[in-house]
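Consider the single chain below, provided in structure tokens and representing the form predicted on its own.
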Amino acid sequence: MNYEGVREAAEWLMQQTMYRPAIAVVLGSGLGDLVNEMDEKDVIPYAQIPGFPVSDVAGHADQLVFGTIGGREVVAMQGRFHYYEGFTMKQLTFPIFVLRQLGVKSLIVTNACGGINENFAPGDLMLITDHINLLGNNPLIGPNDERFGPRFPDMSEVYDRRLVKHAKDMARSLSIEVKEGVYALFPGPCYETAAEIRAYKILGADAVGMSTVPEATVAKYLGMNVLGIACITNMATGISKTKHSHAEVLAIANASSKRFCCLVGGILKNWPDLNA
């Protein structure tokens, strides 16, 4: 990753907003309504930010939203970038590098995905406990700049156990049922075949999707605390009795948005002291 390019984008953003949040949220397809919970917002389109790519996927607004939730400063990525769009791994994770330079220490990364675990159902929220990268690529491949992070970062706990516990406690207090599981990254843009899903199930995946892992990997590399929340929008191929469509994904994500926003809002308002 180009350090100077990252710094240029971060310094440009510092001139556009007075916010210096320690927490960022990446909002997946159909989950962008969280920004409606934010107060005193500064909205900055990706197209205006130096070096930021722009997505054309339905359900992504393509903007950074700075504001407060429960008095806590937060920045939300309302829309993300995907490998299947033709972006390089460096391009689609560029925003995470920039957020870290802005002072973000913790990342909540969310997505809409397919359920492999047959105890799940469309509309369920799943806390990600680990992931499997099935992409055959990694955002950290290439020259390493030690100003960002180490050459060989540890990935034994990508998703912070303290934040998973905090999310579970918050869900319980809000009477919101949550699942837990392993998320598998599939390149897309086609949905998976039934044979692929059978293989992923053997590998230990509970859900499958086309995002999240690159951002989480980079965030961990940069020393950030990561919490992953997936919205199960459909059951995967061979488990589902119907064919897949992006419209179906967005419809279920939108229907789950109220519970999702309630949970994430509660998590943010009661954010734990991770230095304790």
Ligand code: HPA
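Since this is a predicted model, take the numbers as computed values, not measurements. Start at 1 and count along the sequence shown; that's the residue number.
Another form, the form predicted together with hypoxanthine (HPA), is not on view; read the next lines as being about it.
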| item | value |
| --- | --- |
| Hypoxanthine (HPA) in the predicted bound form reached by all of Leu64, Gln78 and Pro95, non-hydrogen atom within 4.5 Å | no |
| Partner-contacting position among Phe87, Phe148, Phe120, Tyr191 - heavy atom within 4.5 Å of hypoxanthine (HPA) in the predicted bound form | Tyr191 |
| Hypoxanthine (HPA): the contacting residue among Val26, Ile229, Met210, Met38 in the predicted bound form [heavy atom, 4.5 Å] | Met210 |
| Non-hydrogen atom contact Ile69 with hypoxanthine (HPA) in the predicted bound form at 4.5 angstroms | no |
| Contact flag, Leu99 vs hypoxanthine (HPA) in the predicted bound form, heavy atom cut 4.5 Å | no |
| Close approach of Ala112 to hypoxanthine (HPA) in the predicted bound form, 4.5 Å, heavy atom | yes |
| Interface membership of Met224, hypoxanthine (HPA) in the predicted bound form, 4.5 Å heavy atom rule | no |
| Which of 30-38, 214-222, 229-237, 45-53 sits within 4.5 Å of hypoxanthine (HPA) in the predicted bound form, heavy atom basis | 229-237 |
